[in-house]
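First, one chain by itself: the form predicted alone, in structure tokens.
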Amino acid sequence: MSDASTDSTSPGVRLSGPLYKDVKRQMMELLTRGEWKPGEAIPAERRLSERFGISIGTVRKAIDELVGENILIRQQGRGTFVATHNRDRLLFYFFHVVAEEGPKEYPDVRLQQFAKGKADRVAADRLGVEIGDAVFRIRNLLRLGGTPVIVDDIVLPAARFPGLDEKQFRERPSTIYNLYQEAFGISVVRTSERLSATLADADSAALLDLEKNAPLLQIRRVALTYNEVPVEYRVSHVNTMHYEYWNELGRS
């Protein structure tokens, strides 16, 4: 059996670089197309090696990278599964604000605003859409231990979330990313964040029980699904008086 990439799932052109990277790309295509759904086990390594016409070792290296990126999850004695979004996954991989010297806790999220609008230049650039395209604009207030700590402003491209309305968003049974996954087939697999210092405007100050122009941490986040496709742009304003940003890089 040779390590040539001949599987029909390939777009047809073998990319340069290590073969396992090409196998990883093909597996990402299968995930994108929904052949392997969240929570389902992927085929065993031997079956994948036969499907792609490559060695088990090459398949394993591709899977290792997907596991390292938290796209796939290995379960001892059970196999390898497509990651799903739940409260624990949110807390450990996507939520990074904690009390000073305190443990992580799940935030109490309260919807403040849900509206339809048009993408401005910044949102269009971050989401890869055109200026003026339809978007949903959502504002949440997040409390930790009963204290208002974070104001989240979320922009979603309406074309990717057809039919989303305030009732569905407000009454979601689990996390926001779980809603994306379960209702719209969109899995957030990673985020890109930029942090900066800013001052509270009147609206944020009122929600966070602060004086206007109080110092805040601003986090600009783009959430991406498979193949680096942006699906959400979020700007968070955090009161860091008794809270801090904590991210353990490389945690799996």
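The first residue of the shown sequence is 1; numbering continues from there. Since the model is a prediction, treat every value here as computed from it, not as a measurement. By rigid core we mean the largest C-alpha set that fits within 1.5 Å across both forms.
We do not show the form predicted together with the DNA, though everything after this point is about it.
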query	finding
Candidate from Gly132, Gly145, Gly79, Gly102 lying within 4.5 Å of the DNA in the model of the complex - any heavy atom	Gly79
Heavy atom within 4.5 Å of the DNA in the model of the complex - the one residue of Gln26, Asn70, Ser55, Thr225 that qualifies	Ser55
Full three-residue contact with the DNA in the model of the complex, heavy atom 4.5 Å, for Pro18, Ala44 and Arg60	yes
Residue stretch of 154 to 162, 133 to 141, 103 to 111, 70 to 78 approaching the DNA in the model of the complex, non-hydrogen atom distance within 4.5 Å	70 to 78
Threshold 2 Å Cα movement between this form and the one not shown for Val23, core superposed	yes
Core-aligned CA displacement of Val59 at least 2 Å between this form and the one not shown	yes
